[in-house]
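You are given structure tokens for the same protein chain in two forms, set apart as structure 1 and structure 2.
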Structure 1
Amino acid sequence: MNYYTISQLAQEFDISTRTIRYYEERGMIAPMRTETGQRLYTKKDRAVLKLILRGKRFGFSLEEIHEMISLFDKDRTGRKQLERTIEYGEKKLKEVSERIEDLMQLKQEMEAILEDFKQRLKELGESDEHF
């Protein structure tokens, strides 16, 4: 069986070892330990870490990610995990869509203000020519 050290995983995923230990403290991953206390991570731990990081990238909370991951251990068919992931995913997609709408509105307002400022500057330039 292949094992990974904390340094290997940190380097692979471009995160700090402290971040990995934090996920361990939260009970999201549970590495084995050697007699000297070195953490050894399995392929499953690596896969879970990858899911945690993907979930964070998509904006899920650690609680949501932990729940989605732990559901697979409770239901090996993956059905409950998929149902909850879809539920959280749809909620997150709605939030993202709302943020996009807000940002588009902000963009339009900024464009209108900038256009107004440009017009004012142009008018000021024309009025200077009359002196």
Structure 2
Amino acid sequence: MNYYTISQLAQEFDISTRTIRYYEERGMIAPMRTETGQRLYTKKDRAVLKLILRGKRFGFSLEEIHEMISLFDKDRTGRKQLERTIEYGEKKLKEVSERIEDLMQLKQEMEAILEDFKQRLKELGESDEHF
């Protein structure tokens, strides 16, 4: 397994190194260090970063994202733990589903408006052709 440096990840995801360090500050990533203190990121760290950025695109706060990550990340061995994780997961899943519904409605509305605009444009075109 090979590692990524912080600037490699920063470049790949088009974010600043500061941003990555900030996520670490918040306890969302925990890369290993070399003897001299340089951060080394594994594939798993990279995946977590990806998750964070995706969450952000959806408008989740870093706090919410943190919650989700830590839930799905840890070993949930005990029955109670498992049950709670499942419950939380289903709640979050529902939220996501609702957002999808919401977005699809928005999409439809935008499509309708666009159709209307296009119709208007077409009519403009026709009236032009008569002159």
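Between two forms, the rigid core is the largest collection of C-alphas that superpose within 1.5 Å. What you see is a predicted model; the values in this text were computed from it and never measured. FYI, numbering is relative to structure 1, first residue = 1.
Here, the chain labelled structure 2 is taken from the form predicted together with a further copy of the same chain. When two forms of a protein are overlaid on their rigid core, residues whose CA moves 2 Å or more are considered shifted, and S97 is one of them between structure 1 and structure 2.
Once you line up the core between structure 1 and structure 2, the Cα of S16 stays within less than 2 Å of where it was. With a cut-off of 2 Å and the rigid core superposed, M32 has a Cα displacement that falls short of the cut-off between structure 1 and structure 2.
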